[in-house]
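The form predicted on its own is given below as one chain in structure tokens.
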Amino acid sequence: MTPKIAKFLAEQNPATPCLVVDVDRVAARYGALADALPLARIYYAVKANPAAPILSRLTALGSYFDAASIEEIEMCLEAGAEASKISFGNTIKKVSAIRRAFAAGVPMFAFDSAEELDKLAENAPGARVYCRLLVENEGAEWPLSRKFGTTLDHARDLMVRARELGLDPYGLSFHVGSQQTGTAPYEAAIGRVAMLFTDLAEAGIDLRMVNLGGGFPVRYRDEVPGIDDFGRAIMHAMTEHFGNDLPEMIVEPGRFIVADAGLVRSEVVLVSRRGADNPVRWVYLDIGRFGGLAETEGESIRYRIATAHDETGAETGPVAIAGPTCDGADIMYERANYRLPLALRSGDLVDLLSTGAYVSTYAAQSFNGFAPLAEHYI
């Protein structure tokens, strides 16, 4: 809850559910990351929140962009970004999307398979390419490792083949998982990358870039290491493995840049008990997993929840928290030991904090007829 958001909510009293994002806070988080990793080039992960005011502010700050689709590339271009500052970071791309991105001037493409590499060679000839490695995601609250990446041995063969196909084998990438709460996975992954750099150098491949991915955490209910801790760990590992001959470094933050800048305001639709002796109340909000809170799947991302009763020190009790739809899967929290004030009633407003990332783009358009989440950028 930044002062700007608090003022907006008090003066505008917007209809719920809604997302309110303080764009100045986005800029501040970008600056904090730049200070922690001054040698790294920041490619904002557009998928976290592609709103035009965010892209425009980051463009003005000199940010680069990691895009997952041709549509995100076009959003960046419309916001004033140069095509040369965009990376097509999805390893799964349609041929038509590759062609359009290459024609627009996007210079760099990710891949993790021979099949994708062949598509790039045919439709983006001479482009810079980087191979995504499969690394451990232990410590990440939203793991990504199963769907993306390849082994070191396969990556070596793919990068040699990239040169044979006329592409520019530019670098290697990894992602240690979103909301990564430890620094050790970055350090271990950098060691693996350095080994492959050496192997490929012996094969005559001059790699020039390491893409460290994103994953930097924000505080939800639990404390997490600060961004300076990650910066120090990453730079220590890079200098340990590469010495003074550091390659270009790229980071792809999404959550870290925008999550803390946003808040979801929601209305309590119903508070009920399943039995007279059951201490657990069910709290139903007017936003749920289908309204934008998809990252509560498996109770992975656990948002802080604030109510007007908190300031009074009101007594609390255990709750399960669910959304408003007629779908049995629309439950956010049952096992995460949430407690909310006993005074909470239907019609009360609650705030879900640090929800600036992934909420707006996960929201369904009209599931059960509910309108999409309203968005306010201030």
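From a predicted model like this one, the values you see are computed outputs, not experimental measurements. All residue numbers are counted from 1 along the displayed sequence.
Beyond what is shown, the protein has a form predicted in complex with another copy of the chain; the following relates to that form.
A.B. asks: Counting only non-hydrogen atoms, choose the one of 36 to 44, 341 to 349, 23 to 31, 51 to 59 that falls within 4.5 Å of another copy of the chain in the model of the complex.
C.D. replies: Residues of 341 to 349 come within 4.5 Å of the partner.
A.B. asks: Check each of 249, 269, 188, 165 and return the one that places a heavy atom within 4.5 angstroms of another copy of the chain in the model of the complex.
C.D. replies: Only one listed residue qualifies here, and that residue is 269.
A.B. asks: State the residue from 218, 152, 207, 75 whose non-hydrogen atoms include one within 4.5 Å of another copy of the chain in the model of the complex.
C.D. replies: Among 218, 152, 207, 75, a heavy atom within 4.5 Å of another copy of the chain in the model of the complex occurs only for 75.
A.B. asks: Residue-level question: is residue 92 within 4.5 Å of another copy of the chain in the model of the complex, judged on heavy atoms?
C.D. replies: Residue 92: yes, in contact with another copy of the chain in the model of the complex.
A.B. asks: At the 4.5 Å heavy atom threshold, is residue 183 in contact with another copy of the chain in the model of the complex?
C.D. replies: It does not: once another copy of the chain is placed as it appears in the model of the complex, residue 183 has no heavy atom within 4.5 Å of it.
A.B. asks: So, in the model of the complex, is residue 360 in contact with another copy of the chain at a 4.5 angstroms heavy atom limit?
C.D. replies: So residue 360 counts as contacting another copy of the chain.
A.B. asks: Residue-level contact is defined here as any heavy atom of the residue lying within 4.5 Å of another copy of the chain in the model of the complex; does residue 331 satisfy this criterion?
C.D. replies: Residue 331 belongs to the contact set for another copy of the chain.
A.B. asks: Give a yes or no on whether every one of 282, 294 and 367 sits within 4.5 angstroms of another copy of the chain in the model of the complex by heavy atom.
C.D. replies: Yes, the whole candidate spot contacts another copy of the chain.
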